[in-house]
Ligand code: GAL
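Shown below, as structure tokens, is a lone chain in the form predicted on its own; questions about how it binds or moves come after it.
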Amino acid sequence: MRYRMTALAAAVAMPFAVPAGATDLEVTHWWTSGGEAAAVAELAKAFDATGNKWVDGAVAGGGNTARPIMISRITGGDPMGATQFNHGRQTEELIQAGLLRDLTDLANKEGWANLVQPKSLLDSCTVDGKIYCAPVNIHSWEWLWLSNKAFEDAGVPVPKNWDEFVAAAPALEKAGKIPLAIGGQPWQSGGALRVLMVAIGGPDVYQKVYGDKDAEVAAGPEVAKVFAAADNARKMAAKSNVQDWNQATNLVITGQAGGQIMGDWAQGEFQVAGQVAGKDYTCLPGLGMHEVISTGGDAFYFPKLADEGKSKAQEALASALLDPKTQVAFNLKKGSLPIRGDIDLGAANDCMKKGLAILAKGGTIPSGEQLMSQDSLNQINDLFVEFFNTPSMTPEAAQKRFAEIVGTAD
């Protein structure tokens, strides 16, 4: 896939046509941090340009809090006009129940199959040959974000990989810094495990564990190395007493913490804070160990509605989400990568350029949400919250329980 690094594509997007009978459309999502709010405002602006009106339905608390609320509304007969979910298997039951709208005709008309890259993103929207969602970005979990100031204060070089980061932890602690910032939400520690699985175990081990659900590999020596790394992470994060992910990111932004394992959505927080990639902070894809990124991210699904005007507005929104101008404006503020391979990202910062280069080389893996059901991922998340909060739990005991979850995962 090839992303052009010139400065023009936003200008060539055609203006949206204003439909007759324009209407309000409630759109639910869980983007509530400063960087996320700035990004979602670009989607609202693009939809409002169609003559319709974006009615914001943000649900605080992140995906694990918002997702059950959104599902409950759809199944309970109070559907919104559109809702965010992650790429993957989160909507399987809603589709099977016939509650979500089929977008195949629109997708075929606009040639989504030729625009959306990598192909796996549209595959995640497709069930029994029908397309049920409009992907908007590629978000990858596999990043270590480092505060250049924290390492300068500690008198040690900014690390180039996970091993150097672990080695620098004592100097950070001596300087009064928290080596690793991790919030208390379960998905954060569960996500950190997946990142360590890729970085320490390698992409093949990750695929065998999360994709093939191979309990033998999960219980084996390669994954034992991952749990040893997780033990280091637990020790480095012992004084990271924050809850939300963006609070942990703020510890890095303000130089109170050395680093954070977090997806590339953290870039939006650095941007809002006025920090510059490569100058104020450093990013290491794959923790500097394996330069790969996952092709997770966000997509919008559209519940079936009886109102014909709102149904037309749904189509206008789906079309606007994939418009090249929207893709540029939204992803530059979100810190994510666009789902189109034919647009300009000349304004991309150093970290986004690293992600684009990896994407162009095909250095991608499926996200956890694409490989496992949400129930299985939640079990792993809960285990890792317990592991991080229970110093007496050995890595060996945690790995044994992890392998049991993998063996029964779907």
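Numbering starts at 1 and follows the sequence shown. Please read all numbers here as calculations on a predicted model, not as lab measurements.
Note that the form predicted together with the ligand isn't included here; everything after this is about it.
- For the candidate set F151, W145, W162, W265, a heavy atom within 4.5 Å of the ligand in the predicted complex is found for exactly one residue, namely W265.
- Checking K177, R234, H139, R340 for any heavy atom within 4.5 Å of the ligand in the predicted complex turns up a single hit: H139.
- For Q207, no non-hydrogen atom is located within 4.5 Å of the ligand in the predicted complex, even though that partner is not displayed.
- Contact annotation: N86 falls within 4.5 Å of the ligand in the predicted complex, judged by heavy atom distances.
- For Y132, no non-hydrogen atom is located within 4.5 Å of the ligand in the predicted complex, even though that partner is not displayed.
- Taking the partner from the other structure, the ligand in the predicted complex has no heavy atom within 4.5 Å of any heavy atom of W54.
- The candidate site formed by E36, W187 and K334 is fully in contact with the ligand in the predicted complex, as each residue has a non-hydrogen atom within 4.5 angstroms of it.
- The stretch among 348 to 356, 375 to 383, 39 to 47, 25 to 33 whose residues place heavy atoms within 4.5 Å of the ligand in the predicted complex is 25 to 33.
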